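Next up: a single chain in structure tokens, the form predicted on its own.
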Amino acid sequence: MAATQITTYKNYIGGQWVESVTGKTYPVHNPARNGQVVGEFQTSGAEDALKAVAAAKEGLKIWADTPAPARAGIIFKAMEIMGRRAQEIAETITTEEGKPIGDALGEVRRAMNIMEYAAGEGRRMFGYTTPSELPNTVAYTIRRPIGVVGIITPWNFPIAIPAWKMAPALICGNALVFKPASATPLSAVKLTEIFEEAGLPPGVLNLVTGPGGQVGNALVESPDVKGISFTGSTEVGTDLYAESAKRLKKVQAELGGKNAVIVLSDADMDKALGGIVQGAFGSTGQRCTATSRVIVEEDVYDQFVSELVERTSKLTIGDGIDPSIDVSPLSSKNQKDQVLEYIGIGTEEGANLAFGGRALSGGDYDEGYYVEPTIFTGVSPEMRIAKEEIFGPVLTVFKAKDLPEAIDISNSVEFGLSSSVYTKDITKAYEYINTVETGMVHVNAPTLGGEVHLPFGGLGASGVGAREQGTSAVDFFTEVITVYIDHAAEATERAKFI
């Protein structure tokens, strides 16, 4: 039998698919079947990044002068193309990132929703007029694009997160250098192909694959890059934000999470359990908004834990390309090793391993990075598994005597991305909303996700800079210019002011 031919994919710079200056490539493997090579990709360096920046500067001249409704037309067309290719793109996500195909299709739909919303902003790029304190003077504001923007994205949502940065940036008239995660470059290639087919002018979108250190640093250090939109770890994002601030760049950074759900004794238990199992183990827990902590009022704690274990035990585990699978492999060996390390830490810290905790082996499991959904009970807030982001299918369960204690536990971590409470008591729901320290708050719903027309982001170590999505995205990707026009027929005395 002939060996399967492996495709080598290129960077996209100035409207052309080109090899990297380094002349090197690297392979990406399917996390469910790690003997399968998804493709070879360019191992780009700083010189490639700077070539992309130069191309973006040229593309910006055309794109910034293109009327926003015309820019919207291209984004709408990209959305239509993505709809036609939805199954193909979803299979690409599952093959290189590992998530179940149903979750991948949901991610594609989310990207399309983002494109639709952003394109609509092409006719809502509002400024405002206001009376001037001076006679014969008109005062108003307009929006301009930032300029060249670096887009740096993670592997866990390789289509949706790039789309929710790129579509708003493009509708605002910016030109982009797109640096995807090294683990999921094929999804980035597909997304770039879609915008190319939609008619985006050369240089407006440039794709550079490879290691984040060299390419990302080049984008931060280049004086021609005026803004950076980053999603990734808190450690990397903190450094990127600090280095960008030294160079007076606009930065938005969406970082880690340690999201908690509070279950009160009056909660609809069936509804709460469904949302928590989905939030903790869907996409193998590899979401920044995944549920990693559950804080249960003591009156229902034992009942909750019993039913949680029972539901979790029924989840099916395997290759995400199979639509019947609930939990798929972790995205890489590094992720698997990290999750297993934290499971070991939890056991050493004295938490009770109530379910799971093993790497799966035998048969098809030997080909991928599989870890059982894992539940720890008897967890206390000072444990590392209670405070640190694990980014895998590990759920920690706490007991609280009442809502105030539960909120204290929820607020005891450095992260503040998303949170949830399950209760039928509207007074307690509002007490929770007004005191929990997270950027996104849910009542009787999972911690997951958000809607594209609302701001997305967190507090503390979960993010810094402007929120993503909604009108906040337009605020970040534009500069506001204030205009004064004196239309008097002749010179008049003007008030002296700063």
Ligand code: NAP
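Note that residue numbering follows the sequence shown and begins at 1. It should be emphasised that the depicted structure is a prediction, and the values quoted were computed from it without experimental measurement.
The same protein also has a form predicted in complex with the ligand, omitted here; what follows describes it.
Checklist entry - Of the options Ala280, Val421, Ile152, Leu176, which one has a non-hydrogen atom that comes within 4.5 Å of the ligand in the model of the complex? => result Of the candidates Ala280, Val421, Ile152, Leu176, Ile152 is the one lying within 4.5 Å of the ligand in the model of the complex.
Next on the checklist: Can you pick out, from Val371, Val263, Leu395, Ile161, the residue that has a heavy atom within 4.5 Å of the ligand in the model of the complex?
Outcome noted: Exactly one listed residue reaches within 4.5 Å, namely Ile161.
Item to check | Segment that reaches the ligand in the model of the complex - one of 87 to 95, 342 to 350, 72 to 80, 230 to 238, heavy atoms within 4.5 Å | outcome: Selected range: 230 to 238.
Checklist entry - Would Gly257 sit within 4.5 Å of the ligand in the model of the complex, counting heavy atoms only? => result Yes, contact at 4.5 Å.
Checklist entry - Wondering, does Ser410 line up within 4.5 Å of the ligand in the model of the complex on heavy atoms? => result Looking in the model of the complex, residue contacts with the ligand do not include Ser410, since no heavy atom lies within 4.5 Å.
Next on the checklist: Although the partner isn't part of this model, could you tell me whether Tyr432 comes within 4.5 Å of the ligand in the model of the complex, counting any heavy atom of the residue?
Outcome noted: Tyr432 lies outside the contact set for the ligand.
Next on the checklist: Residue-level question: is Phe456 within 4.5 Å of the ligand in the model of the complex, judged on heavy atoms?
Outcome noted: Phe456 belongs to the contact set for the ligand.
Checklist entry - Thinking of Thr4, Pro27 and Val37 as one candidate spot, does the ligand come within 4.5 Å of a heavy atom in every one of them in the model of the complex? => result Contact check failed for every one of Thr4, Pro27 and Val37.
Next on the checklist: Do any residues of 196 to 232 have a non-hydrogen atom within 4.5 angstroms of the ligand in the model of the complex? If so, which ones, in sequence order?
Outcome noted: Going through 196 to 232 in order - heavy atoms within 4.5 Å of the ligand in the model of the complex - the hits are Gly210, Pro211, Gly212, Gly213, Gly216, Asn217, Phe230, Thr231, Gly232.
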